[in-house]
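Below you will find one chain, with nothing else, as C-alpha cells; this is the form predicted alone, and questions on how it binds or moves follow later.
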C-alpha cells in the first residue's frame, strides 16, 4: 500500500510518500518540507495569511517532487492523507483543498488526520518495537499535553497546558533574549554551552493539574530586564538561556513523572518539535523503570510522514472522508475514536 500524505497546519508545507508492508510496517520513501521561517522572521511570529499563501504555492511543487522521486503515478496510490486539524484555519484549508483536488482528480480515497494524533503516533515510524499502551508527552509549537495512548483512537488526556505551550515558552523567551524568530532552538543551543547558571527561575505548575507557562514567561521577562546591563556578556547570556531551558524542561519532566507515578506505564514516548531538545531528551532518558522512545529529529517537527502514519492506520480501518468535509481548527485528540 502506498499513500501520499500532506501537512499544512501552520508554517511548514510538507509532503511524504509512505509504503506499508503486509504487517502494516511503514517505510518512508520520500519526504520534503518547506519551512517559512525566513518569511515570518521579520514579524516575530507566524502571519496566518502569509503562511496560507505559501502553502498554496509550495504544495503542488512538493507533491510533484515526491511523486517523481519515488517514480509513483497517482494511479499507483491507495489513498491520500491530509491534516484536517487542529491548526490555523487558512493554512489547513490550503492543504485540505489541495488534497481534495488530487483525490477527486485521481478517484482516490481521502483520509482526514488529526495533527496531534500524527505527533502521538510519530514514534511508531522510527521505533518498530514500540507497542501500545504508552504514555505520550506531546510538546509541539502550540501544544503541550500528556496523553495515555492505548491504541488508534483510544486516548486519555492526563494533562494539557492552559495557556502557552512549551515551544511558545522557548520562542518567547528567545525573543526576550533577542534571538531571531523562531529562536527556541537557538536558545537551547546556547544553553547547552554551559552546565550551570547563577540565575534561578521559579518552579512552575507544582500543584496545578495541567501545564502553564505564562507565569514563567513573566518571570523570565522580569529577569531579562533586571540583567539588561549585563546581558551583552556572552557568559551571562548563556547562563540566562540555561536557566530558561532548565525551568521549562524541569516543568515537563515533573508532570511526566507525576503521570507515571499515577499510572502503570512501562513505555514513554516524546514527540513534537521540543522533543528534539537535547536537555529534555537526557532528562527523560534518565527515568527509571520505563522504556523511552523518540521519533528521529526530522519527525519531531511538523512533517507529513507522521500524517501518513496516522492516515494509513485509519485507512486500514476503512475510514474515508465524505465529499463536502472540511477542516477542524479545534480538534482535541481525546475526542477521536
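The structure displayed is predicted, hence computed values, not measured ones. Positions refer to the first chain, counted from 1.
Below, we refer to the form predicted in complex with a small molecule, which is not included among the displayed structures.
- Under a 4.5 angstroms non-hydrogen atom cutoff, the small molecule in the model of the complex has residue 185 among its neighbouring residues.
- Contact check for residue 52: no non-hydrogen atom falls within 4.5 Å of the small molecule in the model of the complex.
- By the criterion of a heavy atom within 4.5 Å, residue 295 is excluded from the residues contacting the small molecule in the model of the complex.
- The shortest heavy atom separation between residue 300 and the small molecule in the model of the complex is within 4.5 Å.
- Contact here is defined as any heavy atom lying within 4.5 Å of the small molecule in the model of the complex, and by that definition not a single one of 31, 66 and 95 is a contact residue.
- The partner is absent here, but in the model of the complex a heavy atom of 276, alone among 59, 268, 46, 276, sits within 4.5 Å of the small molecule.
- The stretch in contact with the small molecule in the model of the complex, judged by heavy atoms within 4.5 Å, is 162-170, chosen from 123-131, 100-108, 235-243, 162-170.
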